[in-house]
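Shown next as C-alpha cells: one chain only, the form predicted alone.
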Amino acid sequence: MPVYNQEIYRKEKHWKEGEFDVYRNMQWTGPGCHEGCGCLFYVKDGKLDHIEGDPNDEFSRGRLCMRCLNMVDEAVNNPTRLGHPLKRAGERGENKWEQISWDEAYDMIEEHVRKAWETQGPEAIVALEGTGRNVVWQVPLLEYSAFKSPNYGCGFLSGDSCYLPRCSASVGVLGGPSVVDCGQYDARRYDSPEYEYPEVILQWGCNAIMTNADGFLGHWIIDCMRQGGTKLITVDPRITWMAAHSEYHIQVRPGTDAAVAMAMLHVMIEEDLVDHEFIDKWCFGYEDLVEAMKDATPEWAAEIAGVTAEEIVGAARMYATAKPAAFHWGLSTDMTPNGVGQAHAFMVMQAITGNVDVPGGNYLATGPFGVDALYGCGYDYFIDDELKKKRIGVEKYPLHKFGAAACLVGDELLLQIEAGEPYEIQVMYLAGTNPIVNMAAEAPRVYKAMMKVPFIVVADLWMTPTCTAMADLVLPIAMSCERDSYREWWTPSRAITKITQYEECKSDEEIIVDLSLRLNPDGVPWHDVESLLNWVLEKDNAPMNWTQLKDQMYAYDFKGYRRYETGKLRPDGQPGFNTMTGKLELRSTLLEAMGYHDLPFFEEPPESPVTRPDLFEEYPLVLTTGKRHWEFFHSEHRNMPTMREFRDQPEVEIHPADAEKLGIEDGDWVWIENQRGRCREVARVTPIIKEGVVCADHGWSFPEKEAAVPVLQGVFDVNINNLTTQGVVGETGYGAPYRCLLCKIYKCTPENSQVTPSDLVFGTKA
C-alpha cells in the first residue's frame, strides 16, 4: 500500500496549517458550474486566501477547473461584488441606487407581495431562476412557501430548453432521467467489484469536458478511456477534443439529430443487434417501434443530416455490439423543437440494446434517499389544487403538468406579460438569472416585456445588465463558501457549511427563512436556516438530516444495478420501471395519452434549408448558438480580468470555405443577421465547424463599458439572442430552436454600423 503524505491527504473538516485555517468543503457556485467539487479553503484572518482541490473528495478527486482556481481574488474577494441591498434611486436603467438595510428591502418586498395578493392573487407573483445550481430548489421553495404562488420558472428560456425536455420525456419512457454510468453512484467508484467500464460511450451534442453539466464531471469519461479502454462515438457539428478522439465523428447539420438516431435504430433492428431477452421481458411497444423505424434508413438520414450512410451504419453497429455501452446526451438535445422526439430515440437506443441500469451503461438517476431538492421542492406541501391550476401555460401543455418539473411555461409567461391577460404580473423575483444577456430568446422583446412588470427584485452577485435595466431592488447574494446549504443532482447528497462572510451578503436559504417568516409565519415548518435544511431532507424521510450530513459532507445512496429486477425503481416495490406500464416504454403511453407522438420522430426545424428555402436564399448559413468555453459559465466571469485574458471578445466560428466566399478573415468583426435582428462578434475561421454552419457565442456583455442605458454594458450589440425566437416550441411545449436557425454573416463597416442593435432597442437613432 502506498504511504500518503498525511498533511496533504487529510480527511478532517478543519485544521490549522501554519497561519491558515483550512476547511474541507465544496464549491457549487456562484459563480461556477453545475458540479460541487471538493475544495480546500485556506482562510486567514477571516478572509479566503486561496483554494486547492481536495484529494479526498469522492466526487472530483482533487481536480479543479480554472473557474475554481480563479475564484478567490476575482470572485469571492472582488471589490465590485454586491455587498448591500440597493434600492433604485432614479429611473429604471439610469444605474442610480441607494444603499438600504435588509429590513428596508424586506419591507419593500412585503409591501408589493401583499398588494399583489390583495389585487390579483398570489399567482400574479413570478419567481425565475437561471440554470439550476445553488438555487435549483431554493427559488421554487421561496416562491411556494413565502409568496404562495405556483408560478416559478426558468428565466424566459424558450421551450425550457435545458434538460427539462429530456427529463420530462424520460418520465414517460424510462421512468426517470438516464445518465452515463462512470461509477459515480457508488462511493467505491472504479474499485467496486460490480462496476464495468463502458466499452463504448456515444456522446451526442455534448462537449462534456467543457460543459460538466448537470452533476456530471466530463473528465470521468477520460478516466474511462484511460483506465478502462473506453472508445468514443461523437455526434456534433463541431470537431471537439472528444470528437477528435472518437472512432466515429458524425458531423450533423444542427437540428437533424433525430433522423440520424432513428436511422441508427433502423440498423440495430434490421441487423438484429438488439437484446431480445431484455426487450421481451422489460420493454413495451417493440413491434410498434419496428414498424415506425422501417423507413428510417441510413440513406434517408444521411441526405437530411449531410453525413454519410456508412458513418451511421458503423456507429450503430459499434454502439449496439458493445457490452456495456453508454449514452451521454447534451443540451443540444433540448435546443430544437424536435427535442422530445429526439430524446425519445436516444432512450430507445439504450433500451433495445439492454444498456439501462447496468454497470457501465446508463443509470436511472434519482435524488439520493428519494429527496426532492429540485424544481418541485415544496410544491405539493404549499400549493393547493386550485392554485396549481393557475400555473401559467400548463393547461395548454399538459406534459408540463405531469412531467419532471413544476415549472410554468416561459413562452406563455412572455405572452401574458405582453397582453396583460388573463391577469397582469405584479411582482417578479429573479435569482441566479440574467435573462436579457443569456437565457431569453428574442432578448429585446423580453426586455420590453419585463419593463411592464411593476416591481422586480434581482438577487445576484454582481450588478448585471438585467439588474441595471429593470430592477427596483437588488439583493446581494452569498457565494458557496459563505452559506450553509444542501444539494444533490444527482449524487451524492452534499452539505456545505459557511466559512466566511462578505459584507452584508445573505444566502438564498437565509432569504427563504426571512421572507417566509414575514409573509407566511404560521405556514412554514422552520424557524432558521438549519431547521429549513433539515426540513428539506426530513420531508422525504431521508435517513439523515442536514445537521447530521454536514459533519460527513456527503452521503451515497447506491442501491446496486438492475434495480428493475428487485422493485427498487418503483414506489410500489414491484419489479419493473416507474412508468405507466411498468416497462421501458419504447412506445410511450404517457405521450400517447396527451395526444403527442408516442414513438421517436423527426421534424425539420421550423427555419431550415428544407422547411424555408425562401428564407435560406437570404440567410444561407445554419446558425447554432451557445458553444461552451473553459473560462465562462453562461454570462458569468466576463468581469474577471484573468478570464478575459484568455477570451476577450465574443466569437462566431465559420468554416474556411464559407469565410472565403464572404471575404471574411480570421479576427474580423462581423454582423450575424436574420429576419429578427443582428449582433456582432469576432469571426473565428476554423475547419472544426461543419461547412455551411456557423456557431456563435452567447452570454456576452462588457462590464468595463458604461452600465446605464443606452449602453447597458454593450449587451444588445453582441447578443446572439437578438436572432433567436420565442414561442416556436415543440408539440409538448418543450424544446426551442436555439441551435438550429438560419442567418447571414458580413463584415462590419462604418457604414453598416451607424445604427446598432442598442440604438434600435433604446430608440436612440431612427
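Since the model is a prediction, treat every value here as computed from it, not as a measurement. From 1 onward, residues are counted along the sequence shown.
From this point on, the text means the form predicted together with a small molecule, which you will not see here.
Contact check for residue 205: a non-hydrogen atom falls within 4.5 Å of the small molecule in the predicted complex.
In the predicted complex, the small molecule lies within 4.5 Å of some heavy atom of residue 29. Mapping the unseen interface onto this chain, residue 460 counts among the residues with a heavy atom inside 4.5 Å of the small molecule in the predicted complex.
Taking the partner from elsewhere, residue 61 is found to have every heavy atom lying beyond 4.5 Å of the small molecule in the predicted complex.
Per the 4.5 Å heavy atom criterion, the small molecule in the predicted complex is contacted by stretch 126-134, the sole one of 126-134, 546-554, 382-390, 177-185. Between the options 255, 165, 410, 198, the residue in contact with the small molecule in the predicted complex by a heavy atom within 4.5 angstroms is 255. The listed set 345, 331, 352, 142 contains one residue whose heavy atoms approach the small molecule in the predicted complex to within 4.5 Å, identified as 331.
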